[in-house]
Structures are given as C-alpha cells and as structure tokens.
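Next up: just one chain, as structure tokens, the form predicted on its own.
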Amino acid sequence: MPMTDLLYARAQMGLSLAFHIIFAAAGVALPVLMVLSDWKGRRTGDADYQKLSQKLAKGTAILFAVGAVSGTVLSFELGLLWPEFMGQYGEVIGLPFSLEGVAFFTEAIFLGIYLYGRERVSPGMHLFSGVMVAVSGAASAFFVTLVNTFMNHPSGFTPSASGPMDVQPLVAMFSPGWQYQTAHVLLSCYQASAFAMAGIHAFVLLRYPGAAFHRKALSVALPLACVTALLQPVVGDLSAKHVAKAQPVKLAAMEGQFETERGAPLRLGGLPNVETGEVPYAVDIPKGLSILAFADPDAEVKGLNAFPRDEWPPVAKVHVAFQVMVGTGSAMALLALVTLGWRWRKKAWPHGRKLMWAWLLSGPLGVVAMEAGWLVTEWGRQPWILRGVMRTADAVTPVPHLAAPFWTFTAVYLFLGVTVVLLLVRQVAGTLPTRDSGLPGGEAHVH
C-alpha cells in the first residue's frame, strides 16, 4: 500500500501516542509506588524503603520530563495534523483538555516539592506532596481519556452542516461509556508499571537471591501488580459489554464476526479474511460471545456484513490486537492468582526461582497489553476520527509532504527512548549488590 499523506499523518500520530503512553502510564503509577515505599520507610524505619522511594522519585522525574515533551508534541500534532477536527470540535471537547493542563501543572509543582523538599519541608508535607503527585498524574490520565471517549461516542452537541450546534461541554466531557474506559485505562497504567517494576527486581533477585533491597522493592510492586491484574478482566468485561451495545461494528471486528447470528461463538486466535468472511485457525467456543457480550447464550450479535463495507475498521489488525490484549491480560491474571495463593499459604511474598522467572518474563506484558488495547480502541474506531460524525480522511491537514515530519519525529523518539533506557538502567545499576557485601553497591553503610 503506497504511503499517502493521510497514512503518514496517522502513522505519526500513532507513533507519538505509542511512545507517549508508556511515559504517561509510568507517570501515573510510579508516584503511587514511590509513596508506598516512602510510607513503609516512615512506618518501619527501614532505610531500604526510603532509598527505594528516592530511586522511584528520580525515575518519576526522568519519565515525567520525557512525558512532558512527548505530550507537548501530541498537543501540537492534534492541531497541525487534524485541523478540521480541532477547528470544528475543539470548543466541544476543550474542557477536559483544559483540566488536564491544570492537573499536569499541579503534578509538576508537587513533584518539585517532593524531589527537593525531603530535608526542607516537614515529613508530613513531604509525604502529602508525593500523594498529590500520584493524584494529579491519575487526574491527568483521566481527563485525556475522557477526550478519547468523546471521539468513540460523541455527545453534547447537535451536528449540522456548519459544525456543532447547541454545545454542552459537560455532556461532551462525560460521553457514554466514560466510566468503563477511564477505569480500564487507569488500571492499565498501574498494572503495566507494577509488572515492569516486578520484572526488573525479579531479574536482579535471580542473580542476587540475597539482595534485601530488591526483595523489599518486589514486595512493594507485587500487591499493586496482583490487584490490578485481577481487577482488569472485570473492568475489561464491563467495557466490552458497553462496546457491544454502543459500537457493534468494533465488537464484530474484535471478534472476527462477519455474519449476524444468535448464539455467536467466542473466537480464540485466528486471522480474519475479509474476502472470504472466514477466520481460519481460530478455535470457536460455542455461544461464548453472546454470553460474554449480552449475558444471554442466544443473544444476537451483529456481524460486519450488517454494516456498509466502507465503515469497517481494519478487521485483521483489530482482531489480532484484541487477542494479544486478552491473552497477555489472562496470563498476568493467572500469575497474580498463583502469587497471591503463595502469599496466602506462606505468609510471605514468593522468592523461589520458578516464580521469579515467571515475573521476569511477565515484566513486559503489562506494556504489551496496554499498547494492544490502545490499538484496538483507535483502529476499531476507523474510518472515523469522530465516530459517525467526521471521517479521519476529512480531518487531515491539506499540507503535503508529511513524510518529512514523520521520519524526523521517529528519529527524535528513538533518541529519547534510548536516552531514557540508559538513564533508568543507571538508576537500577546503582542498587545492585556488590560481590562481597551482597548489599546495594556503594551504599553498604545504609543497610
């Protein structure tokens, strides 16, 4: 397929979002882990937890800085790449964007106090500033997700040939399904970050089983990882039920359902073929989709053929991304159950090599699931930028030669990504035990 300017615009927006989501998720979740470590350190007097909160604070600062850059780029891209959308509907959905800006600046202010006020403000104020960083980060993600909910299910205005009429900003901000999508997104942020943190410390513990610092760090990450991994399927199910009613064509693409039928099966795996209307290599669970989507084994599920062909999303991409999200989410939920079972029986968090390997291998799964879920949402809405109101092709800028900014930003993101990885590796390396002491390098006196 030749790369048109529309495809370059979509690719650039997709690349920017895929890059930004990782840092935004860490910006939401790391402050929670930071505050938990800080609180445990204050409660127990254990220097390891205090040291962990300082390391997490530095990591939060690094990711916050890069996330601020990528977020600023995204705000410019919305206007520059999609001027028709922002020009016509910016006033409708401007409120959550404004509130997201307030949350962002609040987060920046309290992060500064937390980073530089440890010895300069009272302990209570210092811990409170950490809590505010966590609350502000979550609020920022909440407001941005409301914008995406509006794009999936626009409300709060009356469409007309001259643009939106009778604008109601609060109705638009809380478009149908907002509670499911925001909960799904926030949980994914905590889950992805906690799994990544657990994977890092499991890796170190496999090499240095006696490293007390990393064992304590794992004990901070595992509760959040396990709880979110078990809550996410519940919230995801509620979200899917809403999609089944509000966006049936997206559900049909997610499941590779071509024909409308009662007692529709749930398909595991497979690759939909839009020419034949079949999903080869899939394993069908009879009536599974009707039960999950409508809580009725004989419920009717609309197939893709019930909708105009030019309103289909890219079926194979949506289906595969959905399968990846569900598969990785299920694997994380299973690991959480096994880990909590160990915790219940042994009265301690696991430390055996088999479970450490499982957590190491599962470390990236939260990020994979989060990115796959975002692809399901965005690809599943196509060909609309504002579902049912404005097509993506009608919103793109008429400015030509969009290949140049796409490749430029690709290079910038690669540079930023490598830089961040190197900085975070240095942060972790500073906590590795020395050969002789088995304690964090250069900090043996602390422990």
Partner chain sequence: MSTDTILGFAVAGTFVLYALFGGADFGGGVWDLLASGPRKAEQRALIARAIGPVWEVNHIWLIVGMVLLFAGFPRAFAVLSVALHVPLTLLLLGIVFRGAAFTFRTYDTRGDTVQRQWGLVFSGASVIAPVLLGMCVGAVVSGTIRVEGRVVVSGFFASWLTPFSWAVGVLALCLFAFLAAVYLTHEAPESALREDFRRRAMGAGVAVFVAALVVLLLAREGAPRVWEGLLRSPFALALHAGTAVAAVASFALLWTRRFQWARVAAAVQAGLIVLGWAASQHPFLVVPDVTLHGAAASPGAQRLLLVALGVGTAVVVPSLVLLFRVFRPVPTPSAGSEA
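This structure is a prediction, so every number in the text was calculated from the model and none was measured. Residue numbers count along the first chain shown, from 1.
We do not show the form predicted together with the partner chain, though everything after this point is about it.
In summary, among the residues 91, 300, 284, 311, the only one with a non-hydrogen atom within 4.5 Å of the partner chain in the model of the complex is 91.
Just one of 403, 47, 62, 393 comes within 4.5 Å of the partner chain in the model of the complex, counting any heavy atom, and that one is 62. The partner is not drawn, yet in the model of the complex one stretch among 417 to 425, 26 to 34, 381 to 389, 39 to 47 has residues with heavy atoms inside 4.5 Å of the partner chain: 417 to 425.
Here the marked residues 69, 116 and 125 all reach the partner chain in the model of the complex, each with a heavy atom within 4.5 angstroms.
Proximity of residue 106 to the partner chain in the model of the complex falls within the 4.5 Å heavy atom cutoff. Heavy atoms of residue 97 reach within 4.5 Å of the partner chain in the model of the complex, making it an interface residue. In the model of the complex, the partner chain sits beyond 4.5 Å of every heavy atom of residue 238.
The partner chain is not drawn, but in the model of the complex it has a heavy atom within 4.5 Å of residue 79. Looking at 167 to 190, the residues that come within 4.5 Å of the partner chain in the model of the complex, counting any heavy atom, are 167, 169, 170.
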